[in-house]
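The chain below stands alone and is given as structure tokens, in the form predicted on its own.
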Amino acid sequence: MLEIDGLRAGYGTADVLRGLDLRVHAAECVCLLGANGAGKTTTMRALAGLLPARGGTIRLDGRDVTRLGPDERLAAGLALVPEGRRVFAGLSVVENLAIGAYLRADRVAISRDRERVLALFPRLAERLSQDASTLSGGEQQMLAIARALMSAPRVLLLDEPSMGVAPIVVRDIFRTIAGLAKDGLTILLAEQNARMALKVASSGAVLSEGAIAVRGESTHLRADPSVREAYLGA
């Protein structure tokens, strides 16, 4: 579903990604691990079109989207939940959800999907008229995920969903991510909390110095001594 070949991207004159290769199959949940500064967020921004690729290709279900803008990639089915949530603070929960579906025209399907995401995140259903700025950090993260789901994505990109969120809420969010993966949504999850990420993902990849250093099934990565020492605290 998502093919990344030789991807290069960065800031200023420096490349952060130096030939990244990665495959994410349909209905697969892949976690992208790496130390701070390894390039996880740069990868997500480059995939979403927020950061131009300096080289390489990005294909979505066989279609080359490397030169498409963020809006065109979203229309093609590539939706990003950005690091730091980035909800529209001055708009209500229901308005944020509506913005998530702004490229869609089928009102019946949009209404159905709104009911679905509110069932996934019952707290949001209780706060529909509240401004997003009044929500807790965890609730804002729920809203950011729900907003992305309202675009009816083919691939969901999740960038550090546990960041700044209380541990008890992190468990709820990851339980929801696991449910989405079980339902067949293709997910690429960049996450600092490697232990939690490897529990919900079927496979993972470790990013180091702008390229994939290790790739394998989650069970194998959890047993890999180098991965355990670097990311699992064991």
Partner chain sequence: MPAFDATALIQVLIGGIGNGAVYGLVGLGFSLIYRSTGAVNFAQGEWVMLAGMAAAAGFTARWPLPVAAAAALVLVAAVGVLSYQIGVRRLRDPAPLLVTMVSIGIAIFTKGVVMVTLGKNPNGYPGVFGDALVRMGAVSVPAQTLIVIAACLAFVAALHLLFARSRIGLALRASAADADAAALVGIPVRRMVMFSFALAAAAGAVAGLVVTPLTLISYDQGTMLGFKGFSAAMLGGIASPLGAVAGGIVLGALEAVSSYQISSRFKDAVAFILFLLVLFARPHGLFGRRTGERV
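Computed from a prediction, not measured in an experiment: that's the story for all the values here. Numbering follows the first chain given and starts at 1.
The same protein has a further form, the form predicted together with the partner chain, not shown here; the description that follows concerns it.
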Counting non-hydrogen atoms within 4.5 angstroms of the partner chain in the model of the complex, say which of Ala98, Leu128, Ala152, Ala76 makes the cut. Ala98
When the contact criterion is heavy atoms within 4.5 Å, does Lys40 count as touching the partner chain in the model of the complex? no
Closest heavy atom of Met142 to the partner chain in the model of the complex, within 4.5 Å or not? no
Contact of Gly90 with the partner chain in the model of the complex (heavy atom, 4.5 Å): yes
Just to confirm, Asp71 within 4.5 Å of the partner chain in the model of the complex by heavy atoms? yes
At 4.5 Å by heavy atoms, is each residue in Ala48, Leu80 and Arg86 next to the partner chain in the model of the complex? yes
Pick from 40 to 48, 59 to 67, 196 to 204, 178 to 186: which stretch has a heavy atom within 4.5 Å of the partner chain in the model of the complex? 40 to 48
So which bits of 127 to 164 sit within 4.5 Å of the partner chain in the model of the complex, heavy atoms only? Arg147
